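Below sits a lone chain in structure tokens, taken as the form predicted alone.
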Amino acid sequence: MNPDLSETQSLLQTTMRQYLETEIPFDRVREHEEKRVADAELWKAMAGQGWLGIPLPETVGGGGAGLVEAGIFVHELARRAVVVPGAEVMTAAVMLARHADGDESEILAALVDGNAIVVPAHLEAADDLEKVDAAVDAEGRLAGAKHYVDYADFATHHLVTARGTEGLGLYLVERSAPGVSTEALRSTGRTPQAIVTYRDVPARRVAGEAAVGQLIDLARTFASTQILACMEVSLEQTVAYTNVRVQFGQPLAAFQAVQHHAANMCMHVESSRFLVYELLDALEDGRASSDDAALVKASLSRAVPEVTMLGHQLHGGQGLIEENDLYFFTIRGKDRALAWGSAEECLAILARDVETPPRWL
């Protein structure tokens, strides 16, 4: 792909960035972070802007765009560290629009309007993305538990991976249904997360086993997009700080050792940017495999602690206080590095095919 964004994509990026930087001060993000609740007002505003339907069909009120544009949406939200389920809803929305077995236009239209909020619920106590014990019986009743469900209480529906009479699949469950209970967790990224237990809950099958793998690939890709944003902002803030912080009569940025660290950060960011957007483009065209998504996630999950820790190192004492906005991107980046498969878990996936001749994205 051409790594440069198109005119339309650049306009989307610029519009979102300007809006979020103007309307969402970091103090507002801190308030929602401390309360562990999503920013419902921002979610409503994004629905009004038409952003929630970016990759959805025009027939349901969406923008008819692709995964690259959806990635820009996720990227820009992560750059502002806002407490909203952008990546989660985009994942569920794309699955319902492109991989559902039936017509899901009603729920998709509600997603576009912000009246429905659907988040994936996949991982279980075994902490293995490939192990699913949640089950749906012949009467369509779900039983089981899901761990680390992002924005579980803010959602109106959960897109649950479970085993039914037709095998593994995706099931749509109403959050408010009797039998659905949540236990709030304190996550690394300080965003709302919960263990969700389903006891004899009505569940509607919307997609089969193939869609489960596609959901993991897409969620993993959007998590990589969020990591990219965290590294990007960490670099920008570090460069800005070292250019104004004077030591020994000159800016820190004038010292060669500081320049070397900044260059290393920059190389990680730029290579990661190409990997993420190439993967989004390849997923859109059907060229990407699960191995490709795992490869990109492993690469970014390894890079983010190095980039963010170098940022803190170059900030010195300033990097240790939470009044400095740098910490947002360190903890969010670490959280997303673990979500949907850590670097080690993704490398284990690649190791299965280690003897297969390599291919590029």
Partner chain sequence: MDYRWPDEYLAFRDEVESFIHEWRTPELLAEQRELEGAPGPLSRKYYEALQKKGWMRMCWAKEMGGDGRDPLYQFILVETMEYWRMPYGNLTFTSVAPSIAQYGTEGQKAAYLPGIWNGELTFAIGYSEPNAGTDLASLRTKGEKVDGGWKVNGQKIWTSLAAHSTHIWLATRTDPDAKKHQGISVLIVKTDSPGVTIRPLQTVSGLKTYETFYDDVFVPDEDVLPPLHGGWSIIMHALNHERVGLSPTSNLARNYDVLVEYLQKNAPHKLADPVVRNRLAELRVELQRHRALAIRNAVTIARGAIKPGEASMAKISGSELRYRITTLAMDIAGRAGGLARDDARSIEGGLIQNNYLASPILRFGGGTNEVQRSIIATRHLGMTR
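From a predicted model like this one, the values you see are computed outputs, not experimental measurements. Residue numbers count along the first chain shown, from 1.
The form predicted in complex with its partner chain exists for this protein as well; it is not shown, and the discussion that follows is about that form.
- Contact annotation: its partner chain lies within 4.5 Å of heavy atoms from the stretch 247 to 255 in the predicted complex, the single such stretch among 198 to 206, 247 to 255, 105 to 113, 172 to 180.
- Not one of 17, 76 and 161 places a heavy atom within 4.5 Å of its partner chain in the predicted complex.
- Note on the partner interface in the predicted complex: the residue among 60, 65, 46, 310 having a heavy atom within 4.5 angstroms of its partner chain is 310.
- Here is the short version: of 157, 99, 80, 261, the single residue with a heavy atom within 4.5 Å of its partner chain in the predicted complex is 261.
- At a distance threshold of 4.5 angstroms between non-hydrogen atoms, residue 335 is in contact with its partner chain in the predicted complex.
- Using a 4.5 angstroms limit between non-hydrogen atoms, residue 141 is distant from its partner chain in the predicted complex.
- Mapping the unseen interface onto this chain, residue 6 counts among the residues with a heavy atom inside 4.5 Å of its partner chain in the predicted complex.
- At a distance threshold of 4.5 angstroms between non-hydrogen atoms, residue 137 is out of contact with its partner chain in the predicted complex.
- Contact annotation for 168 to 197: residues with any non-hydrogen atom within 4.5 angstroms of its partner chain in the predicted complex are 183, 184, 185, 186, 187, 188, 190, 193, 195, listed in sequence order.
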